[in-house]
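Structure 1 and structure 2 below are the same protein chain in two forms, each given by itself as structure tokens.
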Structure 1
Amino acid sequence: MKGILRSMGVTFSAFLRKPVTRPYPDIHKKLPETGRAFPILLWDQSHTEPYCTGCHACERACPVECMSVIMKDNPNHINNGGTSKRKKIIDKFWIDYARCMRCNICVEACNFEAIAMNNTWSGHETSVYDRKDLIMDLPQLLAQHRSGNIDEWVTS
């Protein structure tokens, strides 16, 4: 009987404590700055082109084959009258967010620091009606960093 009373005492003390849950859609938890959502591509503001040269390193490193990369000759290269030193540049890039397992290996594999894990956009709230809508193409991948809307930690 003593034990039962003790259990009831514990629950009653919890009754008097403050609830620990939040009303979720109204109040969001602040994501930590190391937060690791889906990979995005970074934008070289000084040359107005992506950092990515389409070298296939991330595509090869990806354990789940969620990336497809196609490279092209850079029209903005110095030899062509442009400003950039990149001979090759990314032509098309797809990441299938439905397949990505957010393992961070593509970021480690990249030699140009052109890809990073997003930490502002809460990837866990991605929901679409068609699975194909989760396949992101190059403009979508670049949009966030191009507009400057990203936390510093990602790029550093």
Structure 2
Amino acid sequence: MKGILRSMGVTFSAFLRKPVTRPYPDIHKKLPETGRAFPILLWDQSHTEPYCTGCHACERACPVECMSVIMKDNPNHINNGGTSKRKKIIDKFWIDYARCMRCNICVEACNFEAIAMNNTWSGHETSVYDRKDLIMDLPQLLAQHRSGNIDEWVTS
């Protein structure tokens, strides 16, 4: 009888405890600053153009070759009557998130600080039905920084 009462006490105390799980889709855990998500391109608000000049440094440094970069002459360059100091900018840029291993080497290799790791929940949650949907092009890579949806410490 004593054992039954003790086991009922343990069961009752477990019944009164707070749940240890989190309602995931509604409440997100705070992400650590050192965590890595997927790379995104940064947008220069003062010149309304991307920081990326298309120098191919990130593409050459990528160990899994998941990036493709094409550059063009900048129509906003000072010699063309514009306000930008960049002679070249990117014309097309693709990152295959399905192949990306989030190693951060592309961010370290960039001389212009034009690429950063998107350490927000939208940067981590990229589930799709088709792997072809994980190939991000230039507008998709610039969209989050242009809209201001990423934290300031991601870009610094």
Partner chain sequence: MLINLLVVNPFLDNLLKVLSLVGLMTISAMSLIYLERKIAARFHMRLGPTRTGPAGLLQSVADALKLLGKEDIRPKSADPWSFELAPYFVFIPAFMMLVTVPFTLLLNVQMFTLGLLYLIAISSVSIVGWVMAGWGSDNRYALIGALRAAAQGISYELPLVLAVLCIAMLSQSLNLNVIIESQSTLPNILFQPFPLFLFFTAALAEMNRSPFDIPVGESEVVGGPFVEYSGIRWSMFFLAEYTTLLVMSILIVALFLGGWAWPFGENLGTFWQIMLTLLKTSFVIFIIFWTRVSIPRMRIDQLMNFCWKVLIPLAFLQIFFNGFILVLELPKILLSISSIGLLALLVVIVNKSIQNLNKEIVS
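Only a predicted model underlies this, so the values are computations on that prediction, with no experimental measurement involved. The term rigid core refers to the maximal set of C-alpha atoms that superpose within 1.5 Å between the two forms. Quick note, the numbers are simply positions in structure 1, starting from 1.
In this pair, structure 1 matches the form predicted together with the partner chain, whereas the other structure does not. Once both forms are fitted on their core, the CA shift for P139 between the two structures remains under 2 Å. With the core held fixed, the Cα of S46 is displaced between the two structures by less than 2 Å. With the core held fixed, T34 shows a CA shift of 2 Å or greater between the two structures. For V10, the Cα shift between the two structures is 11.5 Å when the rigid core is held fixed in the overlay. Core superposition places the Cα of P19 5.1 Å apart between the two structures.
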